[in-house]
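Here's a solo chain for you in structure tokens, the form predicted on its own.
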Amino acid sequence: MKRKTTIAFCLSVIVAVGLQSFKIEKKGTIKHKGDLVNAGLTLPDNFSANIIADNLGSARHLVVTPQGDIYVHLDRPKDGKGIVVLHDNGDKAAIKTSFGAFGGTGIRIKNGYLYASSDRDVYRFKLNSNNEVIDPEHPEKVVGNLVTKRGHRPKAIALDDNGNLYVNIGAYSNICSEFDPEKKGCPILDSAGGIWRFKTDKLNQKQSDGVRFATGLRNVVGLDWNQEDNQLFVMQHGRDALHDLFPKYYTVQQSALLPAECMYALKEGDNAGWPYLYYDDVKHKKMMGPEYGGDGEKEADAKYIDPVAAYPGHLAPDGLLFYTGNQFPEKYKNGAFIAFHGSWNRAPEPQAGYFVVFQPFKNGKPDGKWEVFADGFAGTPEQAAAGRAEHRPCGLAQGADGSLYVSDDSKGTIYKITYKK
């Protein structure tokens, strides 16, 4: 490991190259993995963390009931089961049971049902008065046979208060160029690259039964319904390979840090512009994609919506949660926590991410600079810089007491973060 790389990421303060830079500010006392203080995490003052479960499998999204049960969805079934049920006993969580023959990402609870998605379908399980699944062997299929091809397969989900289910259907392409040789349009947008809306009270729907709620979104894994703004918010994974495909327009450093990972607030009919544009968070502009006539300087058509917030490129935002609890200080109320799974493609820069950030909100909109809230999941700074993270944050959930739960799909670890002044 080169000394300058180690120092740059060890400090985790400044990554600056060429035309793009960003600063990561950390607060609180650094904790060390070796003694497992705060479960090895760096947190703001007066916050603490425990590892309440470990070695569960590829833990993706999760949800916590008022009774303290934790439903964890595994990307791949373990021992034939794709959903693990834990009970939080305070400092530790004991496994109660597991069920579901399918792996996947999305999982939610609403109006007496547990909803869970595979990479192709969305199911629901009826719950009893204690929010326990009544018949785990016989789920009802809400939506089936969704488009699933090659990459960007996870079907993350969200629910509103009006009986609607929102499902990400990721684009099975980086930039659609292989499907659009004449650059006249992206034909896969009719069935992928967006958010589809379905009804929660209707079973056995097909994709064609749903509404393409929003389009022009390459891939969304983190999404949540904002109760304060009554709107769907999503985190998009930005495109790759600007320099590899267009070295005359972009340096390797620019390609390592562009484009931004973007947060969008969506209304029905919105178009975020993929594959025709990307967002440059240094210029604070939507830029025309080089495959579609851009050169790193041309701005994109104004008809595409703007992100409401932007973050450094390639950090992979996989979880989004609006915090509505009362345990944390007032500044966190109705703000957003984002789990960044971490990069693999920021060379020659150090790999980055592997942390949970907090984005302040005011009146239902981002307000102010984001900050790293929980770091250290990766292990040592050298492990993070090399992309060899021990743990990679993926899912976020809020407990009834306002605690924050974070899942890790690398080692199957569940973290519980609490506040006490």
Partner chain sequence: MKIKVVGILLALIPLSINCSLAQVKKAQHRPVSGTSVLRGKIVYTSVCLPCHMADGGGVQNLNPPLVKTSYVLGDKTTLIKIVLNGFNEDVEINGNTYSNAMTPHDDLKDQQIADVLTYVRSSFGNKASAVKATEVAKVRATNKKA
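Because the structure is predicted, anything quoted here is derived from the model rather than measured. Numbering follows the first chain given and starts at 1.
This next part talks about the form predicted in complex with the partner chain, which is not shown.
Exercise: Y304 in contact with the partner chain in the predicted complex, heavy atom 4.5 Å: Y304: no, not in contact with the partner chain in the predicted complex.
* R76, heavy atom within 4.5 angstroms of the partner chain in the predicted complex -> Within the cut-off, so yes.
Can you work out whether D244 and the partner chain are in contact in the predicted complex, taking contact to mean some heavy atom pair no more than 4.5 Å apart?
Answer yes; at least one heavy atom of D244 falls within 4.5 Å of the partner chain in the predicted complex.
So, P348 and the partner chain: in the predicted complex, are they within 4.5 Å at any heavy atom pair? Taking the distances in the predicted complex, the answer for P348 is yes, it comes within 4.5 Å of the partner chain.
Using a 4.5 Å heavy atom cut-off, indicate which stretch of 132-140, 260-268, 224-232, 149-157 touches the partner chain in the predicted complex. Looking at the partner contacts, the answer comes out as 149-157.
(request) Could you list which residues of 381-416 come within 4.5 Å of the partner chain in the predicted complex, counting heavy atoms only? (result) Contacting residues: R388, R392, D409, S410.
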